[in-house]
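Take a look at this single chain in structure tokens; it is the form predicted on its own.
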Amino acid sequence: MAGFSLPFRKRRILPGFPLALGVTLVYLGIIVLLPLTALVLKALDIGWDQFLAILTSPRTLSAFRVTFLCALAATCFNAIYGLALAWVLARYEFPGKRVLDALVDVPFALPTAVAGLALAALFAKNGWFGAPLDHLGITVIFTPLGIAAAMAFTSLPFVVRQVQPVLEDIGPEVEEAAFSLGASDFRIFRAVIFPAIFPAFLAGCSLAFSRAIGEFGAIIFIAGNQPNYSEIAALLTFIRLEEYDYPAAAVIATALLLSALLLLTVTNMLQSWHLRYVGRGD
């Protein structure tokens, strides 16, 4: 029996890998892939001519334009504010830090309808923010600006929670080393910090954008929902369902789905390219 040895089996905390993998794949197939496949098949069932006619109708195009422009504005705001907030939480110690850290997750936990009602009350013409803004000639409620505000509120945590742990892992000693070599603050951020957080920053922004284009509950209370002005694509899908126009609802929903998938695919490709670029730099 010399030389005979049992094959080494790596110990797992949770045994039963085949069972766990099978349950995971079944769940993914039934809960995620099957409904999405049914949606796409329903949209394609009407034929390409009608599909394109629904997708290119003036009201649908207007709804997509409002949705994507407001989502872009909200994502740009969250990219700047979310990065600054993640930096403050990762780099500084101050009274109330734990409370501020917990408040970041409020949009995750808060029902979107409650968020919409709160924002509508806040930005109403007699609200805390709406009244002074109205004196300045700025109207938020029932305008695309209100839609962007609701999108920014609900998607902010994606940027903060993606960037904050990466900043905490970098550590301030890296900045101190660069500073000791004579680099300016801006150059340290541009050449040292930002390349390190770029994949997480990009992922956070893409997730925030995807969440914004699919947001519904927080927007309908503040948007006014006027066709060709403040009507978003998700609301138009809901309106088509109420009209029992299921093919039109499926077409609009499929377009939103494909937009989100395309964005996530491009984001993953950019992240992979960045990691290879950084690897060659190392």
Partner chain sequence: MEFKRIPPHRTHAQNRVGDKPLTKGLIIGGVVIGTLFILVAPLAIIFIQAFSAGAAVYAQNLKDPATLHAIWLTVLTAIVVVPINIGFGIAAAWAVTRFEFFGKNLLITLIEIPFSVSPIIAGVAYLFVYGAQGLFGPTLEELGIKIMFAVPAIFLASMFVTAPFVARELIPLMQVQGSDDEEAALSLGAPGWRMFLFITLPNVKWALLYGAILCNARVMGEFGAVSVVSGNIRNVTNTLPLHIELLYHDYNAVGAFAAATVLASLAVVTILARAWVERYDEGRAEVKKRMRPGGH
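Computed from a predicted model, the values in this text were never measured in an experiment. Positions refer to the first chain, counted from 1. Heads up, when I say rigid core I mean the largest set of C-alphas that superpose within 1.5 Å between the two forms.
What comes next is about the form predicted together with the partner chain, which is not displayed.
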| field | Proximity to the partner chain in the predicted bound form, single hit among Ala191, Val106, Ile138, Ala131 (heavy atom within 4.5 Å) | value | Val106
| Contact between Tyr229 and the partner chain in the predicted bound form at 4.5 Å, heavy atoms? | no
| request: Report yes if any heavy atom of Leu156 sits within 4.5 Å of a heavy atom of the partner chain in the predicted bound form; otherwise report no. | output: yes
| query | Going by a heavy atom distance of 4.5 Å, is Pro195 a contact of the partner chain in the predicted bound form? | reply | no
| query | Does Phe64 make contact with the partner chain in the predicted bound form, using a 4.5 Å heavy atom cut-off? | reply | no
| So which bits of 23-50 sit within 4.5 Å of the partner chain in the predicted bound form, heavy atoms only? | Val23, Thr24, Leu25, Tyr27, Leu28, Ile30, Ile31, Val32, Leu33, Leu34, Pro35, Leu36, Ala38, Leu39, Lys42
| Relative to the superposed rigid core, does the CA atom of Tyr27 travel 2 Å or more between the shown form and the other one? | yes
| query | Is there a C-alpha shift of 2 Å or more at Leu36 between the shown form and the other one once the rigid core is superposed? | reply | yes
| in the predicted bound form, do the Cα atoms of Pro195 and Gln271 sit closer or farther apart than here, given a shift of 3 Å or more? | farther
| If the CA atoms of Gln271 and Asp105 move by 3 Å or more in the predicted bound form, do they move toward each other or away, so closer or farther than here? | closer
